[in-house]
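What follows is a single chain, given as structure tokens, in the form predicted alone.
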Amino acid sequence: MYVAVKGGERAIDNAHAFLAEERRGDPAIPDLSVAQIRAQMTLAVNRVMAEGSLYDPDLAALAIKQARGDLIEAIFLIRAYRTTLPRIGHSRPVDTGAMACIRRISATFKDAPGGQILGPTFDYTHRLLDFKLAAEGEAPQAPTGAGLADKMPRITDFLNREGLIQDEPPGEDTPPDMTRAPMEYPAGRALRLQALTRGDEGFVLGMAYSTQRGYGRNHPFVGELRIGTVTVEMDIPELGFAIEIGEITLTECETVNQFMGSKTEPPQFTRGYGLVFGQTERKAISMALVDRALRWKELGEENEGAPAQDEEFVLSHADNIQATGFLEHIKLPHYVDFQSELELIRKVRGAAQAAARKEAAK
């Protein structure tokens, strides 16, 4: 498709060497280790794992280092690596109700059963630069008693006792896997949630924000936001039972939304849902808002034509790797295409000028 450039291979090799030099930076400054990135840039690591669809903090940290901090490039690296891995089995669905929480809050009940656990959060910081971080010092210590909380009851369960919130319909026994089959429309909720949890955080945030501003009539409350660790179990056919193969950190958000009822359903609350790897609460809340906006058809609501209610628009544009590939490919040589466009413009201009001269000669 493209015309080869003479000497292009050597130029590309030099560009790679230049890139490696720029990535390393000033050799007089100690090299940033993968362990440092994993331990001290955890939110960036979490985003790369979530949007790369691979839970491995070490590989995510390595990708961030290799990508010079470009998180979308790091996500691309992780997804590319993920395609090389064999799939040896499937884990059981994780039980987020048994999550050991480091953070658990509700915006619906002040005295939520189990209590509000603020955990590590920017919510109450002053957003002022802390210049002490630029100086060397001792590592800060969390107050005594901070840590994981025992199993917490779900807030929506209390609403469910009075029938005030819609029961979740049973999901598919084996939901489709969008990493192994192309997206198809219309997409079921399981597939939509997969696309949203892998979607670009900024895009999903923008869609969620649009629903709050009236483009989709979405006025939610955060019923519960919880962050913590859950165990992953896998069935071993040879043993005849499941074993624990590890723990992962997740962020889960359930929103409570108004629903005025329909011909078959009484007025009640409905839910939006978000679940993301790591401590990624902005993404989880955004995902829950967009999930609820996309449920208009199954809830019998009117489509107001809002972008967040358009399933194909949202899911087709949420993936930052697809978007980046399509956007950045225009940097590549398009010499033949441009020459044809250039020739066309010259012909059109020539015809227009000839017509103008002919008109002027009358």
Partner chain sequence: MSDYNFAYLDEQTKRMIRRALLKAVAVPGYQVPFASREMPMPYGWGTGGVQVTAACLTPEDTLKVIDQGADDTTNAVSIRKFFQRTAGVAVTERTSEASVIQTRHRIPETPLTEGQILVYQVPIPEPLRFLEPRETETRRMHALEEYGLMHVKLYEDIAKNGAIATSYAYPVKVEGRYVMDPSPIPKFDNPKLSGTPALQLFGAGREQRIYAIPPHTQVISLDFEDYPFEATKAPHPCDLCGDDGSYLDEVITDDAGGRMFVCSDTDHCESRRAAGHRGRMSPKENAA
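None of these values were measured; they are calculated from a predicted model. Between two forms, the rigid core is the largest collection of C-alphas that superpose within 1.5 Å. Numbering follows the first chain given and starts at 1.
Only in words, not in the display: the form predicted in complex with its partner chain, which the text now covers.
Among residues of the shown chain, residue 333 is one whose heavy atoms approach its partner chain to within 4.5 Å in the predicted bound form. Residue contact with its partner chain in the predicted bound form: residue 243 places no heavy atom within 4.5 Å of it.
Remark: residue 100 does not count among the residues lining its partner chain in the predicted bound form, judged by a heavy atom distance of 4.5 Å or less. Residue contact with its partner chain in the predicted bound form: residue 20 places no heavy atom within 4.5 Å of it. With the partner left out here, its partner chain still marks one of 232-240, 100-108, 74-82, 213-221 in the predicted bound form; by a 4.5 Å heavy atom cut-off that stretch is 74-82.
The candidate spot formed by 47, 162 and 247 is out of contact with its partner chain in the predicted bound form: none of the three has a heavy atom within 4.5 Å. This chain is drawn without its partner chain; in the predicted bound form, the residue among 62, 315, 41, 321 with a heavy atom within 4.5 Å of it is 321.
Residue-level contacts in the predicted bound form: of 179, 91, 121, 96, one residue has a heavy atom within 4.5 Å of its partner chain, and it is 179. Applying a 4.5 Å heavy atom cutoff to its partner chain in the predicted bound form picks out 341, 342, 343, 344, 346, 347, 348 from 341-361, in order along the sequence. A movement of the C-alpha atom of residue 22 falling short of 2 angstroms is seen between the shown form and the other one when the two forms are aligned on their rigid core. Residue displacement note: residue 343 has its CA displaced by at least 2 Å between the shown form and the other one (rigid core superposed).
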